[in-house]
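First comes one chain, alone, set out as structure tokens in the form predicted on its own.
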């Protein structure tokens, strides 16, 4: 059974030029203990989804349509008080840029303890300290560093502390938004393995957001590829990697091919950014797609079932041309 089910969700930002639809009619679900990755270029709507699931959208943003069902509750109807009750307790977020996520004037342990006490006000000081020690052991930070200030932590330790803060109240769902940004590749690999190990050990659901499809593949079992506010392909990691169908997915994957690869991938000479305020009625990728027809900019594509779990948001002609290219 799905712990989270999102149906036909659209999210917009009110700008001086008009309503910018950052997320356009997306649907997905995630079961207990599963990991789902959202991948796509900057500005495609990934982080907006994460912030919506945390109830942290800015004032100029709003849910335009759709439903978000989390643990049999519709989050779209939640008040701020209701959000405070589940934020950190049932659903938590590992924010990007850990360097800026910790308050520099408070000890790291105090900041994590605040998250524990907020949702467990009856805990004694000893119970809070015991929980802190367990969290530090879980993310492999020595216990004696609990009383240190953020500036005494390395970048990797700060990121581990942010993970510990997200895990403070044992949430059912963790949202990780670019959690390895600004870390070197060795520390990045350690953090990714740590997240995956903890997620499996605690049987939590995980939504992992990244522009790096290789990173998503290391952590997630299922993948949603996004472009211009839409999910354009979704399936298991194996399906998306071994048999990509949408032209954009193939373009994204092509950036990770080895130099001696002889695979023929259709890559546009220059990628254009579609207008999300005054969007065309057809396929948003049509301006960049070498497989497009004259109808692509006029008529919206539909979902094509590749298998029971693998789908592409494209036209039959586009898929045919991509797979034969």
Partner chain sequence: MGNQKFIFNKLLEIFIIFFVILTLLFFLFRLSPGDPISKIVDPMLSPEDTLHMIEQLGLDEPVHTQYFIYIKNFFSGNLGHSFHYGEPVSNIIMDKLPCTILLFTTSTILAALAGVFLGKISAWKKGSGIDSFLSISALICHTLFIPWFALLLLWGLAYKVGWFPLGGIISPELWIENSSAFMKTLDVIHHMLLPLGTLFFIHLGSYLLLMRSSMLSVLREDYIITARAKGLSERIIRDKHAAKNAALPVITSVGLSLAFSINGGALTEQIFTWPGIGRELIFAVSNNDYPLAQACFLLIAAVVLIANLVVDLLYAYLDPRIRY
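Positions refer to the first chain, counted from 1. Because the structure is predicted, anything quoted here is derived from the model rather than measured.
There is another form of this protein, the form predicted in complex with its partner chain, and it is not shown here; the text below is about that form.
- Of the residues given (124, 200, 147, 118), 118 alone sits with a heavy atom within 4.5 Å of its partner chain in the predicted complex.
- This chain appears without its partner; in the predicted complex, the one residue of 137, 82, 100, 243 with a heavy atom within 4.5 Å of its partner chain is 100.
- Just one listed stretch, out of 46-54, 292-300, 275-283, 61-69, contacts its partner chain in the predicted complex at the 4.5 Å heavy atom level, and that stretch is 46-54.
- Looking at residue 88, you'd find a heavy atom of it within 4.5 angstroms of its partner chain in the predicted complex.
- Remark: residue 142 does not count among the residues lining its partner chain in the predicted complex, judged by a heavy atom distance of 4.5 Å or less.
- Of the heavy atoms in residue 178, none are within 4.5 Å of its partner chain in the predicted complex.
- Its partner chain in the predicted complex comes within 4.5 Å of no heavy atom belonging to residue 129.
- Counting a residue when any of its non-hydrogen atoms is within 4.5 Å of its partner chain in the predicted complex, there are no hits in 184-209.
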